[in-house]
Structures are given as C-alpha cells and as structure tokens.
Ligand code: HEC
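Below you will find one chain, with nothing else, as structure tokens; this is the form predicted alone, and questions on how it binds or moves follow later.
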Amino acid sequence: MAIWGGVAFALSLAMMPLGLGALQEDEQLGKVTYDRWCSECHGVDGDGTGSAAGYMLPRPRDFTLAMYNIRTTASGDLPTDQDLLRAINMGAPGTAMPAWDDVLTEAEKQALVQYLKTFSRFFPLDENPVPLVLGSPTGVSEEVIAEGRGQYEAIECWKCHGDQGRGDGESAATLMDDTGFPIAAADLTENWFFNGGADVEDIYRALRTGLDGSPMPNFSDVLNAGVMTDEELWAVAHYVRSLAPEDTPGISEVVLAKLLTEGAELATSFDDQAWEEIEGTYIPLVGQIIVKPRWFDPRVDGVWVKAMHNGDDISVLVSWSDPNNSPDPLWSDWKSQVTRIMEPREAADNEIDAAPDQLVVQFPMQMPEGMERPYFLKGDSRRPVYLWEWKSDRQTALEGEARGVGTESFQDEGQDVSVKGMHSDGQWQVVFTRPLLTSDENDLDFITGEAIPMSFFAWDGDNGESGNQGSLSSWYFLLLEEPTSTKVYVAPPIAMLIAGALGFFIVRRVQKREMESFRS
C-alpha cells in the first residue's frame, strides 16, 4: 500500500504542471478572444466603456458589476456558466450585441465564459450558481390568455409596457437602468427583439428572474407571498406571447396592392374594415449612418405596410410603434438625455428644437429599366426620386422630389396625394391616397402589373430625430394587382377542346390505317 501511495503522489506531482498549463492556456484563449471581438464595445477592462460604447443605447454590459439581465437564476444571483454561454451564442436581440454562435469556436466560447468572470470579484472560484426550477408551461387557450390579460393589468405591467404592450406606458418616458442611462420599455408586439428569447418559456423565465440592472422586476416574490399562483403567472406569459405575431415576420421584397372588386370602396382611413382583409408586409428600418449627421439610436425599427387600389386610385397604409405623439412635453427629458449621451454629437440643435414625428415614402421619379434603381438615400442628379411626406404636426401630405440628401423640395399647391394619420395605444397609422395617374409630369404614374420601387424614412421627434437623423429602409417593390384576364377562364376550355379534337383525329386515323392493313 505504501508503494502504491508513493506512486500516486508522484503521478499527481507530475500532472500538476499540466493542469496549471491547461488553465493558463484557456485563460489566454479567453483573453485573446475577448480582446479581438468584445473589447471595442465592453472595454479592455470589461467596464462597458469601449470606444464604440457611446454609439449604443442600451450601453454594453459592464462585466465588473456582475449584473446580468438574462439568467436562469434568482434575481440578484449570478448567472450560471450555461447562462453566459447562451448569451454569447444568442446575442441580445434589440441591442447592438450580435450572436456569436457561428463566429466563435466552441473552445473560444468556453474560454470566453471563464474570462468574463475574471472581471468581477463577485464570481466565486469554486462555485457555480444554481438555476431556479421553473417547471413546464401550462396549456394555452382563449380563457388562459384572457386570464393573463387580467393579471397583466393587476400587476401593472401596463405602467411601462402600455395597454397594448407597445412600450408607451405612463412611466415609459422616465425609465433608466441601474447605471443611469435611459432605457426603453420593451415593445411586446415585436418579440423578435426580446433579449433572452421570444418563446413563452423565455417570457416566463424573465418574469420569474427579472432583468437585473433594468427596471424590469421579478415576480418570484409575488408567487412566494401567495399573491399570484404559478398558473396565473404562466397565463401572463401566454398573454404577452399573444401580443406578437405567431411567427417572426419574414422579409418580403414585394408589397401587393390588392385590386378591389367592382363596387367596393377604396379605404381612405386607417379604421376602415377593408384593411382587415389585407395581410401586412413588414419592412425593417435601421438608423441612418451614411451621411452626417448620423444616427445610431433609431426609435422606428420597422413598419407594416398594406396597400389597395380600385383601378383609379391607390391607398397605402403604413403603421409602426411609437410611444407618443411628438412633440410631447412628458418626453422632453428623455429627448434631452438621448441627444446628450449619443455619439456622434453632430447635430446639437436637436437638444433644443421641438420636432414632430415624420414619415416619407420614396419612389423613383421615373420607372427604371430592369433592376436599376435610384440611390436609396434620396436619389442623385441623374436619377431623382419622388416623395410623399407626412408630419404629425399637420394633417396634410406633401409631394416632392429630391436629387440627393439635402435637396428635398415639396410642392406648396396642387397636391395629388392626401393623408390621414392617427396615434393610439403606442402606434401610428398613416394612410396615403392618390390617383394612379395624375396630370403632373413630375409625379410617378402607378401602372398595374409593374414592380414599382418603394422605400421608407421615419423619425421620432421626441427621440431626438430630425433631418438626417432617423430611420430608413432599403428599396422594396409595390406591385398593383391586375384584373384577371378573361383568357385565364376561356383558354383552358378551348385548349381542352382542341386537344380532344386532335386526339379524336389521331385515333380515327390510326383506326383507318389498321382497317386498310387488315383488308390487304
């Protein structure tokens, strides 16, 4: 036994340097990975003050605080290694944090998890936090969703997220994170931007754990106090999930303008029931960062578009989430903070001037040949663009043109386009209406069956947006549905008759040859 004990001791001594070397190697890999991919935002020292941090809201995570939104552990507890790995893989939708699952190797991600923990003294060396036991989701039904709606009101989720969940609650303009930066309440109708996942299990987990560092509380204490049952909290999760589309909207390049049946009236208002029969097309928008003054904190991240025509006129309905009708005095502090902290500070005037919400729809001045389109940022001298402009401080639309950024000009008289807009429950709905053909040679003619290039610009005035600082889309296409040709109905029967007659002729000819052959 003494001999074997001596051998074991000798082996352990021999292996110690190898284990230490492996640890040092992992730490070095974690540091190299972090310095290469993470430090520009999170800072070399992990304190969230990288060179790119000033261009982001919310700000990058400060790892020295060991305060993490997305966890499976209780509020105030540290995340597990699996939690950190999941955040690295998924990124943080709705923020500047991308997903790294397909970028980093498994070894790099595992090493990065361990390296992130070295930034904070709060992480123990030999202990891994224990996740909460969350259980399985309850079944969903209309009754469960109605129960969830009632609990949503009872626990006052609406104070931040709003009555319809679009982030327009009475407290929304005053929200700040634990580091003193303004933070927007989540728009529950856009769950593809949920930080931590969009499934009902992800929503329930966020309700149980809270989002540490943000105003979002946890409701585990409510359960423990017997104020709410676990089934009722699951109902809240099901209700929140029901506010967003069942599937994340795909990106379609074409907005189809439905042709109305003869006698049907064209919808010229946002509350017309005819819109209910048309499926909306989702078009994502991003901040304008091409020309100065640039904007890295866009409020409008996408618009829903519907269109219809009756052969003479066209209506286009554009809707998007916006927590308020700008300018709104209740949001003046929010605007002041955002314009003060966001880089680059290229347009200080926005800190003073009140600005309305705004939408511009852009088309080419003339239909291009093939797939050629004007420059998406207001065209150029060779290929100008035709514009429809709406602002929240007036109830009229303006037609105009542009030959580059800053060259926009709008008509004061003789407008062919009309508009109706309404803000309600954290959403703008704006309807443009115009004849397909006009007598103005500067207006684009809308011809059925043609794929007409179309793009969008949007501004939230109380988010500090105006001028070049706003959101924009790339080019999409508006296609006006054509009447079904009578050939579609007439041609098939004719073709069948011809085919039948031809077949009969062939059969008779073969039979005749066979008879002649038999006689001979």
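Note that the structure is predicted; figures quoted are calculated from it, not measured. When you see a residue number, it is the position in the sequence shown, counting from 1.
Form predicted in complex with this ligand: not shown, discussed below.
In terms of contact with this ligand in the predicted complex, the residue from V316, L444, C160, V419 that brings a heavy atom within 4.5 Å is C160. When this ligand is considered in the predicted complex, only one residue from A185, V303, V338, M308 comes within 4.5 Å through any heavy atom, namely A185. Per the 4.5 Å heavy atom criterion, this ligand in the predicted complex is contacted by stretch 203-211, the sole one of 255-263, 203-211, 434-442, 398-406.
P453 falls outside the set of residues with a heavy atom inside 4.5 Å of this ligand in the predicted complex. Not displayed here, this ligand is kept clear of V360 by more than 4.5 Å at the level of heavy atoms in the predicted complex. Not displayed here, this ligand is approached by T95 to within 4.5 Å at the level of heavy atoms in the predicted complex.
Contact check for Y476: no non-hydrogen atom falls within 4.5 Å of this ligand in the predicted complex. Using a 4.5 Å cut-off to this ligand in the predicted complex, not one of F181, P298 and W331 places a heavy atom inside that distance. Along 187-201, residues L188, F194, N195, G196, G197 each place a heavy atom within 4.5 Å of this ligand in the predicted complex.
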